[in-house]
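What follows is a single chain, given as structure tokens, in the form predicted on its own.
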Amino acid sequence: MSEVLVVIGAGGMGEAIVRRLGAGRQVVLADFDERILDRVTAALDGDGYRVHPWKVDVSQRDSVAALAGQASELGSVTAVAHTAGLSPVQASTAAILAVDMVGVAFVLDEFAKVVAPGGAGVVIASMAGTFATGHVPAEVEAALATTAAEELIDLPFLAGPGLADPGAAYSIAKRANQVRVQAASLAWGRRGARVNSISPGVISTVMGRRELAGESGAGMRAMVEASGTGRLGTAGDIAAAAAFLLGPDASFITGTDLLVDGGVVAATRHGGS
């Protein structure tokens, strides 16, 4: 039976993960934007990858379930990488919560049903979620981790004035990704599979460059300059982390978050010491 790699999100990180891990596998590449999906599929096909494009709306469970079903029909789903998301300069609070938070919950739920024993998944969270650690009350984190996916958007604290700003919504959604993966690792484990999250820093993708050009860009550049590496990350940096977590060398790692930020969080917390 063929091995299947599922990559949700055809942007820079998604394409880099396909190029890193897709050789010799059936690749299901999913995205909401059909123009991007067609362009990236054509480029990958031309380079010899076996790509099956699929339009998905991760904010809708039925759409995610159909994607999971399609992937399992192609073979053994051994690797799942969820990279799709919206950033604060791209979308409203409501859209960010629907896609970045609820969408991840749907993906974790539906692919827990089809991932092969010995398989693994990764969810792209963000260092924004790591910065939120300690600022989100324990009871809120518990609700974000375990509330049924369809009920997440109705949690009372998500309707508060503090989340009117898309940047704040993005941070809480990405913290939700991190804790949701922790909780989901139990269901994935019952399938004999693993799941982890990756929290990138400032990455030079189309989305990342749009953020750098926005209102928060100057602050982001200052954090990068103060970091231990002093550079922007690349899609390849994230693909390398995904390859590790999805591969056999990480067979004892599940339910955790890997911070891949070039040292930005460390510099922000300890730069003055």
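Remember, it's a predicted structure, so these values are computed and weren't measured experimentally. The numbering used is simple: start at 1 and walk along the sequence shown.
One more form of this protein, predicted in complex with a small molecule, exists but is not displayed; see below.
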Answer key, the small molecule contact in the predicted bound form at 4.5 Å (heavy atoms) among 71, 184, 172, 124: the residue is 124
Note: exactly one of 155, 86, 132, 112 sits with a heavy atom within 4.5 Å of the small molecule in the predicted bound form, namely 86
53, 79 and 239 all contacting the small molecule in the predicted bound form, non-hydrogen atom within 4.5 Å: no
Hey, in the predicted bound form, does residue 116 get a heavy atom within 4.5 angstroms of the small molecule? no
Contact test in the predicted bound form: residue 32 vs the small molecule, heavy atoms, 4.5 Å: yes
Given that the small molecule is not shown alongside this chain, does residue 58 nevertheless sit within 4.5 Å of it in the predicted bound form, heavy atom to heavy atom? yes
Residue contact check: residue 108 to the small molecule in the predicted bound form, 4.5 Å heavy atom: no
Heavy atom contact within 4.5 Å of the small molecule in the predicted bound form, the stretch among 222-230, 244-252, 41-49, 24-32: 24-32
